[in-house]
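This document opens with one chain alone, in structure tokens, the form predicted on its own.
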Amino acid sequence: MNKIELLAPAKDFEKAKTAIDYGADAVYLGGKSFSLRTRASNFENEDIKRIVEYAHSRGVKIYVTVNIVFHDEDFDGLKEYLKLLDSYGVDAVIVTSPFVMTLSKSVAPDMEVHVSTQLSSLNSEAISTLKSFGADRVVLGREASMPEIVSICSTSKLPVEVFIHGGMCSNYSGRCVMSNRMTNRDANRGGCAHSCRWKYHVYEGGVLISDPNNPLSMSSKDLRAVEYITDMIYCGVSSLKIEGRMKSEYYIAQVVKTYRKLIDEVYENLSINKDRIEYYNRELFKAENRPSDTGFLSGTADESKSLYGVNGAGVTHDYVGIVKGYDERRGLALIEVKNMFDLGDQLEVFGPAIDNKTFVNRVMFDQEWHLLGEAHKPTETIYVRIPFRVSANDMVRKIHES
């Protein structure tokens, strides 16, 4: 089996570096122009150049999104931008427009063209046609089931990329105009307001028919594809894609590391049993801020794959700090506080080279060596006694008995 690619998102340089350090084979990101997710920090041109150099020095590829749905006024500077990305050594652009596919191939022939999921490619005939426009890879629409993915891979004339984790659209991916109509923000040019995740009161004939204390939401659950990774490897999927260019550093680290370990275990053992699937799902739950499910992979996404009554969004505060240094002689880690934690909390450290080692927080000092009973100031750096060696950029989180 050819080794499948693990593709991670990043909204800025530090998130991209985290994805690389935690095991991504490739990272996709957006520049300041021509990219969806305009509310992400996104990369200045010089930052794209820097992250390409960092990634290539570690054998990792960089893909840049040029995936808005273009209107006539959107083309200014596009040709120059594609040439610039090519000069930086960007490995591929992710595009929606057939015109941009052919333009990129003409002005930057060494840079691959990957067709965005925004084009909703869901059959082999479409992929054949896209190849004629110069496409080198196709990202399938997130509406494909696992049997359909197997069938497409068996006949596709191009490598196939599949989403395995993250946010799902309640319409065909990216092809919704609710945001446009309700907020004047164009979802297909990077401005989606996620109107489907809002809460609504429902009226009929002027009479409220929904629960006034529990407004309606039509939000989709997030995608989580642990059960299908082995099948995707065996059927010939080329790349496994994680959604989340708006996500936090902690989310990127935990999700990338979990799928990295899962993929490597499948290649080592040629399969994975039910207990290990449950283990990897539990690991992903640690970064979850919205309930997740298998989406369309298991077939039609019925009402069980949606969130009604609540939008499901929530922020976990279990991530409490990041390691900035470690004094091995005294067993003290310098921690930058991210969320509040206390003496007596059971904490867990994970990182690129450490797997879920736990300890009870028994000693903390501030920078003046005063004993602390709690850490409650975000961005403050404190000392925490950790009874095993940790490294800079390892992450610390609370764990719970349940």
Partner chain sequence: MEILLTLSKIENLPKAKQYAADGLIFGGKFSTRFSYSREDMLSINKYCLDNGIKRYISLDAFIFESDKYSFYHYFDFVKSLKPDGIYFSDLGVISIAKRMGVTDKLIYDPDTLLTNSLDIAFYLKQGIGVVMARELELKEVLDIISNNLDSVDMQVFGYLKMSSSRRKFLSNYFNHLGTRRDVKGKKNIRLVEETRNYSLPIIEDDFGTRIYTDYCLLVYRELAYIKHVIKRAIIDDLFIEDNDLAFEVIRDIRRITPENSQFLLDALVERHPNVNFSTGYLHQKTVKTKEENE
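Model, not experiment: these values are computed from the prediction. Positions refer to the first chain, counted from 1. Rigid core here is just the name for the largest C-alpha set that superposes within 1.5 Å across the two forms.
The same protein also has a form predicted together with the partner chain, omitted here; what follows describes it.
Participant: For a quick test of understanding: in the predicted complex, does each of Gly205, Asp211 and Leu216 have a heavy atom within 4.5 Å of the partner chain?
Facilitator: Checked in the predicted complex: all three residues contact the partner chain.
Participant: Thinking of the partner chain in the predicted complex, which stretch from 254-262, 91-99, 267-275, 231-239 has heavy atoms inside 4.5 Å of it?
Facilitator: In the other structure, the partner sits against 91-99.
Participant: Which pick from Asn171, Ser298, Asn281, Ser87 sits with a heavy atom within 4.5 Å of the partner chain in the predicted complex?
Facilitator: Exactly one residue meets the criterion: Asn171.
Participant: Given that the partner chain is left out here, which of Glu80, Glu303, Asp110, Glu328 has a heavy atom within 4.5 Å of it in the predicted complex?
Facilitator: Exactly one listed residue reaches within 4.5 Å, namely Glu303.
Participant: Evaluate Asp318 for contact with the partner chain in the predicted complex, applying a 4.5 angstroms cut-off between non-hydrogen atoms, and reply yes or no.
Facilitator: Although the partner chain is absent here, Asp318 would stay clear of it in the predicted complex, with no heavy atoms inside 4.5 Å.
Participant: Can Thr129 be called a contact residue for the partner chain in the predicted complex at 4.5 Å between heavy atoms?
Facilitator: Yes, Thr129 is a contact residue.
Participant: Does the partner chain get within 4.5 angstroms of any non-hydrogen atom of Glu148 in the predicted complex?
Facilitator: Glu148 belongs to the contact set for the partner chain.
Participant: Taking the partner chain as it sits in the predicted complex, is Phe75 in contact with it (heavy atom to heavy atom, 4.5 Å or less)?
Facilitator: Yes, contact at 4.5 Å.
Participant: Core superposed first: is there a CA shift of 2 Å or greater at Trp198 between the shown form and the other one?
Facilitator: For Trp198, whose C-alpha is compared between the shown form and the other one after core superposition, the shift is 2 Å or more.
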